[in-house]
Ligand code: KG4
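The chain below stands alone, shown as structure tokens; this is the form predicted alone.
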Amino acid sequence: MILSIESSCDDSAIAITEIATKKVIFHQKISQESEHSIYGGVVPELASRLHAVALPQILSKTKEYFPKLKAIAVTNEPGLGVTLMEGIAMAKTLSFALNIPLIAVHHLKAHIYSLFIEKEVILPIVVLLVSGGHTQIVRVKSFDDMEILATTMDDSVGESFDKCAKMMGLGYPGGAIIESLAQSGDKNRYILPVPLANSPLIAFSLSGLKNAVRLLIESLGGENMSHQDKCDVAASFQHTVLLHLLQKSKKLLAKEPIKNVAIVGGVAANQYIKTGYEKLCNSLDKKLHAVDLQYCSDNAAMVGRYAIELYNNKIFTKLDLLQANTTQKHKNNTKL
């Protein structure tokens, strides 16, 4: 088995995954949403302190599996430096104490492999990765051959949802709140600008839309706007985000011979966006693959699933070389 640890942001999670069957034997996640909600977003130092308490609590429930462990896997990039280090410190300690190898896991690759938790891989596949920190389209040919075909020029979809909710005084995290309000809203009441609508660039950009929403919210009274206004703003914003994602994705997918398509990351839990992509894939004769809802957001099971691929290919990291990498260095048309 592999013990995997996830602490890249504000979720503390540990999983035990059986290598041969890929079955998740144990998985627990402790969310920090309530602690960060009063600040309207994640406070890194607070998140680090909460990881220092939560991770040992979860780990204490896994001791019975220690004799069967073959490796320790941990997210080491990208993420918040102070939170990544909490998981890495635990991973190094376990690796040394149990005398088993370390596996460093890239957070975004783990999100992609959330598609294959307790399943065999389906490759090649084109993946839309939409989360709180990233918005990318990635062509995946193998566990170590992933090419970024498009990425955001500024903000991510998840971050934009959070900020839109914050501007209306709705709390954090904002994705689920916006989606829920939008169900009672009129998506056509406010016409918001679709980003890069007239640009040939195959890329994403959310900063201009976010600013347009800010101005709209201010004109309606800010946090004091009516409940129906909030529903209509949420619906109009969510609809415009989907139009933007579909417009750029269609241009790319129409030329892509790969038939398998997927959405991963926290925003993959948004049913409105998922339905939009199902319609797009049907129109292009492609199959959309979905992540189990419980594994859309950050979790340790996805870290363990990708770690199996690295373990089977004997890709380990020396204890003294494992460190946190907080930056995302690549741009368009580069390897993930």
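Computed from a predicted structure; not experimentally measured. Sequential numbering from 1, following the sequence displayed.
Not pictured, yet referred to below: the form predicted together with the named molecule.
- Figure note: of the listed segments 219-227, 89-97, 186-194, 260-268, the one touching the named molecule in the predicted complex, with heavy atoms no more than 4.5 Å away, is 260-268.
- When contacts are judged by a 4.5 Å heavy atom cut-off, Tyr113 does not count as touching the named molecule in the predicted complex.
- For the chain shown alone, Lys248 is not a contact residue for the named molecule in the predicted complex, no non-hydrogen atom being within 4.5 angstroms.
- The closest non-hydrogen atom of Glu159 lies within 4.5 Å of the named molecule in the predicted complex.
- The shortest heavy atom separation between Leu201 and the named molecule in the predicted complex exceeds 4.5 Å.
- This chain is drawn without the named molecule; in the predicted complex, the residue among Ala176, Ala254, Leu215, Leu123 with a heavy atom within 4.5 Å of it is Ala176.
- Contacts between stretch 297-323 and the named molecule, counted in the predicted complex as any heavy atom lying within 4.5 Å, involve Ser297, Asp298, listed in sequence order.
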